[in-house]
Every structure is written in C-alpha cells, then in structure tokens.
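Next comes just one chain, in structure tokens: the form predicted on its own.
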Amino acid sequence: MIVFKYVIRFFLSLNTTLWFLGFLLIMLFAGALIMPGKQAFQGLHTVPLFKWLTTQPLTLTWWLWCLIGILSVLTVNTLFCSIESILKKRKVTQWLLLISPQVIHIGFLFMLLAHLFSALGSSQRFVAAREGSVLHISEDSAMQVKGINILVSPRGYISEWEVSVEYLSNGEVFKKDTIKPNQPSIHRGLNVNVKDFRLFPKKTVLLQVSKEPGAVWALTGGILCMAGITILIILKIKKER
C-alpha cells in the first residue's frame, strides 16, 4: 500500500515532469553527438524504429531506449496530472478554462501515440521508374507508371509535370491516379511522391513510397494542441480585462 501511494505521488508530481524533461534533453543531446558518426543510422528511416532497434547493438542505441522509457514516464505523468486537475477543479464555472489545458495534454498524448504507431509500422523506400514500369507495393497489389508528362518552358525550365499511375491486383486495374506537385498518390495507407525526375536519355522519375500509420494521429494531436492553446490565451485575455 505504501509503495502504491509512492507511485501515485511520483506520477502526480510536477517535479517528475521537470526532471524527466531534463533527462529527455540530455538524451537528445547525446543522440545528436552519436548519430553523425555512425553509418548504421543511415537506414533508420527506411524501416520501423522498433524493428531497427532490435537489430542494432545496445552500445549504439542505448540513448534511444532511454528516450522511449522517458517518454513512457511522461505519458503516464501527463495522464495522472490531467485527471487530478479535472477532479480538483470540477466545480469551476468556466468550463472552457478548465478543459483547455487538458485538451493541450490530450494533443500531446495523441502525438506520442502517432510516433508509437510509426515506430511500429512505418516504412520508406525509393524506386526509379520509367513509363511502363510496374512496382510491387504490397503483397496483393502493384502500381504501374502509365505516363510521365513534363512541360519545359522556352527558357529550358520545367514549368509543369505530372505522373499518371494505375493500381493493379491480379493483373486488373482497380484504381487510376495522378501524382502532381504537392499532390501524392495515396493508396491503402501508402503515400507515393515524386522526389526527382530526368528527361534524358529517357523520362525517369524517382518515386518515394512511404507508409506513416501515425500521420492521422499526429495531425489530430496538432489540431488539439493548437485549439487548446488558442482557447486558453483568449480566455486569459478576457479574464484580465
């Protein structure tokens, strides 16, 4: 029982937040010193984080494991503090003033959740393709590059471009799409972008095929954080007036 009370007090303490934020900065600083000198980190963004971590020695990734532990503690700390704040101030008449800091906390938790999903299932690869190239993007589907249209201005600058693609399953087309500037092709959680292209000797594009399962959660978290901060500032200004 004493241990349980100590654990509760630990996660409800603001000192826990401050200390672990300090530890977080120290680990990030350590990573900034370690990463540039190690070639193993070049493949970090091509596979899910946890899958990559399990293949690397602990002497190289200790600071990342520490970061994961610190973020886990901060997550529980945020939950405990938010619940305590609501319970203590549940009789406050200005409901928006009470709930806006908790909305910010929830947004923070959504962003942590987004990073967790990405660490478990994200992927990224680059593929060079020409007109007619077929790329296998999943176990049951493929993507064919049907056309690469590039418009060149009289001065020799590329003024416009688009890449038309088709998605196939068992040899049959079930979806057509077009990739343009700031307009990727999205299919079953996969995001296909054009990163570069060449006109000669043949039209060729460099495609980036990526999967970010945490993208929607990160967007949700960002919107909640901005909404909570905006409401809190407006209410504080009105209260002071």
Partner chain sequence: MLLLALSFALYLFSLWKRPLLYAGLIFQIAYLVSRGFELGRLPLVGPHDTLVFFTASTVVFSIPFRLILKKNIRFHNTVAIGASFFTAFALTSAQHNAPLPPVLKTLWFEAHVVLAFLSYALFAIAAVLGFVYLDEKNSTVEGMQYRAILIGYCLFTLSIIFGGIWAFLAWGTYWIWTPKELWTSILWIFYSFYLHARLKQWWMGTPLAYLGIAGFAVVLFTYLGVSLLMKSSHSF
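Note that the coordinates shown come from a computational prediction; the quantities given were computed from them, not determined experimentally. Numbering follows the first chain given and starts at 1.
Another form, the form predicted together with the partner chain, is not on view; read the next lines as being about it.
When contacts are judged by a 4.5 Å heavy atom cut-off, S118 counts as touching the partner chain in the predicted bound form.
The closest heavy atom approach of R155 to the partner chain in the predicted bound form falls within 4.5 Å. Residue contact with the partner chain in the predicted bound form: L12 places no heavy atom within 4.5 Å of it. The partner chain in the predicted bound form is not approached by P57, whose heavy atoms all lie more than 4.5 angstroms from it.
The partner is absent here; in the predicted bound form, the one residue of L98, I137, A114, V127 having a heavy atom within 4.5 Å of the partner chain is A114.
Of all the residues from 176-210, those having a non-hydrogen atom no more than 4.5 Å from the partner chain in the predicted bound form are P181, N182, Q183, P184, I186, N191, N193, K195, Q208, S210.
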